[in-house]
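For reference, the chain that follows is the form predicted on its own, supplied as structure tokens.
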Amino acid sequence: MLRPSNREFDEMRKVSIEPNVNMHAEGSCLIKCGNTHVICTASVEDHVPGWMKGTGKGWVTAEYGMIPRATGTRMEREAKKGQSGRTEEIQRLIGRSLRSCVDMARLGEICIKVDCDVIQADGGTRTASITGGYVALRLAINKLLKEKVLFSDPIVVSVSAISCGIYNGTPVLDLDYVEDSNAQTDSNFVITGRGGIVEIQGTAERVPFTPEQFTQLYNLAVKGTNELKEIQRQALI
């Protein structure tokens, strides 16, 4: 089967992660997954939400947004019209994914907010945000350890995410927009660096997919997240 991008069925788009792209944030990176580009920044606050005060535990949360011309036609800023349900769902996913790799007791009563701003979209913005968001979070934690704000590393494992789907009847890895908008099945996998599953989102757009096809998608996701883990590691050297 020939994909629109001429990639093999198990081939990701070219991925790059450039760390420290924001001079003000404690941690930041620019992640590029093909033509999807996301700036991720991690900001440290010396207090936690009110409902966590006195627990001795920290918190990691995320916000997500797309700039007006991230897509083919200009969108109104959500600051003007209010957040969409899609945006709220994505940023909750990012937050859950990043919290999965942090021991909140070791973090202490510190809150880290990870902002993921899509500057160009071509499919897979939520998975790119999770993958890049981890790098920004890791850099922020490194800074806190170096400055001896923290004495024990609260990050217990890495995390990354990738999309998979069934396109023209074939399970494929890392959908771009053309494939995503025409896929028979679209799924997102969030997997830790040790292979633990954080979250799986999967939807059949037309024909229900089989358990065998799900296994194929999962195996592709494991391959993809293993590759992403190495790209994250290289960005953090």
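Keep in mind the model is a prediction, meaning the values are calculated, not measured. Residue numbers here begin at 1 and follow the sequence given.
From this point on, the text means the form predicted in complex with a further copy of the same chain, which you will not see here.
- In the model of the complex, a further copy of the same chain lies farther than 4.5 Å from every heavy atom of E109.
- Within 4.5 Å of any heavy atom of a further copy of the same chain in the model of the complex lies no heavy atom of G50.
- In the model of the complex, at least one heavy atom of I119 sits within 4.5 Å of a heavy atom of a further copy of the same chain.
- In the model of the complex, a further copy of the same chain lies within 4.5 Å of some heavy atom of E78.
- Site residues N35, Q83 and K113 are all in contact with a further copy of the same chain in the model of the complex, judged by any heavy atom within 4.5 Å.
- Contact with a further copy of the same chain, judged by heavy atoms within 4.5 Å in the model of the complex, is confined among 144-152, 160-168, 85-93, 129-137 to 85-93.
- In summary, among the residues L175, V60, A42, I31, the only one with a non-hydrogen atom within 4.5 Å of a further copy of the same chain in the model of the complex is A42.
- Contact residues in stretch 3-40 (any heavy atom within 4.5 Å of a further copy of the same chain, taken in the model of the complex) are V21, N22, M23, H24, A25, E26, N35, I39.
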